[in-house]
Structure formats: structure tokens, C-alpha cells
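The data below hold one chain only, encoded as C-alpha cells and taken in the form predicted alone.
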Amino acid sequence: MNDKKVKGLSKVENYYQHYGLRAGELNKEGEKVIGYICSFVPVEIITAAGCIPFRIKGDVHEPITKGDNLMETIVCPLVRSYFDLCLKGRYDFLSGIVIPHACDSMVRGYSAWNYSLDLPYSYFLNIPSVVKESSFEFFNAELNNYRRGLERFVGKEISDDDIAGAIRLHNNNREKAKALYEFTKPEVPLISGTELRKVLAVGLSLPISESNQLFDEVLTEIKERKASPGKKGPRILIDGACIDNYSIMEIVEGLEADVVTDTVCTGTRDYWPEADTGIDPIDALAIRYLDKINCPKTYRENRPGTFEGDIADRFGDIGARAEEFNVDGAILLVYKFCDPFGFEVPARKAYYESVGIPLLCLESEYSAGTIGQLKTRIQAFLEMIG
């Protein structure tokens, strides 16, 4: 495939269907590709080290087999899918992996990843779950440990200027992602939720400079569209953890509704918060990853003392996205055994009720078969709000 002759969305489709294709090519050319599995991994330091950050993606169409021999089956099915694909060689171009202290499935599974894959580089990133003043001091030190470990691996110093430059590149990428979301704001969106999901997923699999270039190509292509790919229908927000496949969007849009925004890890949760510039770059990363990413695993002190105030503080980003994109309803997709999101379901439901947004809550086992079974419930929900 000659990328120079292929338009942005066609290139996205190729890279999505052959996820990791470009990273594999670059690895054969001598580039180091560092895999990661969560939004809490500071990818800027990987870029600053001259490596390629690569977000590992699961596969709902691939049954988990090898992974279940080495990881408990009561672990999050998404994490198990990641692990299973790595064991099967899907991502055999990885030079290393970074796993953060996020959910229990990641924390307790790190030893299995480290032992089973035997990669040249691996790092467990210790991230505080409670955010207060001392948390930033701790995390700054941890980021410098992470930095020094990468320096030893690549054999060169990672300067503050290197990190500041990487921050600018990744911030630019996030700005382009926000610009893509703008195309979902019209009454009939110019880009479908399925298309957007693929673009964002592919963007996390490429070197940041190539991701920026691809986003520019897609932005230009969408601007030149003469007609929308969809029809006017109920406007839906997708909520949940890491939704790295397009199945749920495809079901919704197949029922003539529009997925116009989200609050998921590979969507606005990942792409919208930017790192500050003009300050110490390690401080900037500590602030971004501790205080700007809104995840159930994080507890922030000094929250309002009432239940109503607490849910408004914790889930205010949902209300902001819903208002900005004029949504008619929301679908919350929770993976089986996902404790951080599972424990929050009652509070999230209460928040949606408080802001008057109809909500459908679904549980998925992260497989094509079970996702397909959700269609009937989604159809009934859309008929109710339509």
C-alpha cells in the first residue's frame, strides 16, 4: 500500500484492520517500540527517548486462549485480551512495555506480563490513587525513575528539552483530535462515531509525528465531504473505560442514531487533557496524569461534602460533553470484572438522572458474540428516547 497515494480514511482503515502494521515496519528498520495499556502512561517520555509509544489494542474477534493459562479468568477481559494477543505474537515487534498502577488487573498482572513476554525493557509505573499535595511530590520522583530507566534502555540522556518538545507534539495531536470531534457537532454529523473511533485508535499506534500527519489528512478529507455518512437521529454519548473497538458504535449507528461524543479512555479521556507548557516538563506531566485524567481509580481530596456535590465533581466531564455535543442519551459500557467502573455504576446512574440524561447501562465480556447480543437492548433504548 503506497501511503502517499491513499487518502486519510483509507489509510486509517488499513492501519486499523492491520493494527500494529506501521509499528512493525519501523521496528524492522531499527526503531524501538514501547507498548503500553492505559491512559495513565506518560507517552511523552517514551517519545522524548526516541522510541515509539504504541497503545496495545485488544481484539473482540479473537478468543482468549493462551492468556487464560497464565492469567486468572476473573481478570478484566480487556486486559486478558491484550495479554493473550501478546502471547500469540500479534505484537512481537515490541521492544518493551510499560504498565501503570491503575486497576487491580494491571497491578496484579504485571508480573505475568514481565515473566511471560521476557522483553528487553519493562517498567511498572507507580501512580498514586489519592491525589493530594504529597502525591505530586511522589509522582515527580517516579517520573524521573521512569525517565532514568528509559535512558539506560536507549543508551542516551533524556533532557528536559526533549520532554518539553515531546509535550508540544502530543499536545498538538490532542488538539487535532478535538478538531475531529467538531465534525460530530452538526445536526447530521460529518464523521460517524465508527470512523472517529478507528481514527483515534490508529493515532495511538503510530509515531507522534505520523499520527499528527494522519490526523491532518483526515481533517482535510472530512472538510471536503459533500454529504454526511449518516442520517439525523438520536445523539448518543458513549461512556465507560477503554473502548478500543467500534462494535458498539456500529450497532448504534446501524440503528440510525449518531454517536457524537464519549467519555472513554481511548476517546476524550485520553485525547482532551493537555500538558501545561512553560513550566518544568516533569511537573507538567505529573499535573496532567494525576489531576487532569478523570478515572474511577483516582480519589481527589477536598471534594464537596454532599452526595450531590460529590457526583457533580466526579462526573462533571460527562455533563460538559453532553451539553457541548447536544446529546439525547448515553450508553455506559462496563466490562465484566472491571471493578473501578463497576463500583461506580450506581453513582454514575444518579449523576445522569440529576442532569436529565437518559442512560442505558450495559455489561460486556469483550467478545464479538456478546457485543452483538446487546443490539436488542440498544434498539429499545433508542426507541424510548427517539
Partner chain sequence: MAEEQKKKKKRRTATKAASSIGPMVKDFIVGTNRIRAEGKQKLAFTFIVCHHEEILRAMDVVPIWTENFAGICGAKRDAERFLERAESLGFSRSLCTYALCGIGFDHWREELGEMPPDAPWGGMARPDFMISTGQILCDPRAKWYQASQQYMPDVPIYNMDMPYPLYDRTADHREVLGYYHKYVVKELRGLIDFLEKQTGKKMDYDKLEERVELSDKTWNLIHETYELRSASPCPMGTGDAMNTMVPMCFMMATQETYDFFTGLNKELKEKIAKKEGVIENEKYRLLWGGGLPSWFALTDFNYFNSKGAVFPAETTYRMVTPLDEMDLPETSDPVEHLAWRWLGYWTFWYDKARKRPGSEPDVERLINYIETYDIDGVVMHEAFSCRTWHVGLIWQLHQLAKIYKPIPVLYLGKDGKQETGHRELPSLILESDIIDISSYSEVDTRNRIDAFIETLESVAKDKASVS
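Positions refer to the first chain, counted from 1. Since the model is a prediction, treat every value here as computed from it, not as a measurement.
This next part talks about the form predicted together with its partner chain, which is not shown.
Asks: Check each of Leu255, Ala179, Leu169, Ala112 and return the one that places a heavy atom within 4.5 angstroms of its partner chain in the model of the complex.
Replies: None of the other options qualify; the answer is Ala112.
Asks: So its partner chain isn't shown here. In the model of the complex, which residue out of Asp104, Glu210, Glu175, Asp216 has a non-hydrogen atom within 4.5 Å of it?
Replies: When its partner chain is considered in the model of the complex, the option within 4.5 Å is Asp104.
Asks: Using a 4.5 Å heavy atom cut-off, state whether Asp118 contacts its partner chain in the model of the complex.
Replies: Output for Asp118 is yes: heavy atoms within 4.5 Å of its partner chain.
Asks: Could you confirm whether Asn69 comes within 4.5 Å of its partner chain in the model of the complex, counting heavy atoms only?
Replies: So Asn69 counts as contacting its partner chain.
Asks: Can Ile37 be called a contact residue for its partner chain in the model of the complex at 4.5 Å between heavy atoms?
Replies: Ile37: no, not in contact with its partner chain in the model of the complex.
Asks: Please run the contact check for Glu142 against its partner chain in the model of the complex: heavy atoms, 4.5 angstroms, yes or no?
Replies: Output for Glu142 is yes: heavy atoms within 4.5 Å of its partner chain.
Asks: Using a 4.5 Å heavy atom cut-off, indicate which stretch of 191-199, 96-104, 265-273, 278-286 touches its partner chain in the model of the complex.
Replies: Among the candidates, contact is made by 96-104.
Asks: Even though the chain is shown alone, can you say which residues of 311-342 have a heavy atom within 4.5 Å of its partner chain in the model of the complex?
Replies: Arg314, Lys336, Phe337, Cys338, Asp339, Pro340, Gly342 sit within 4.5 Å of the partner.
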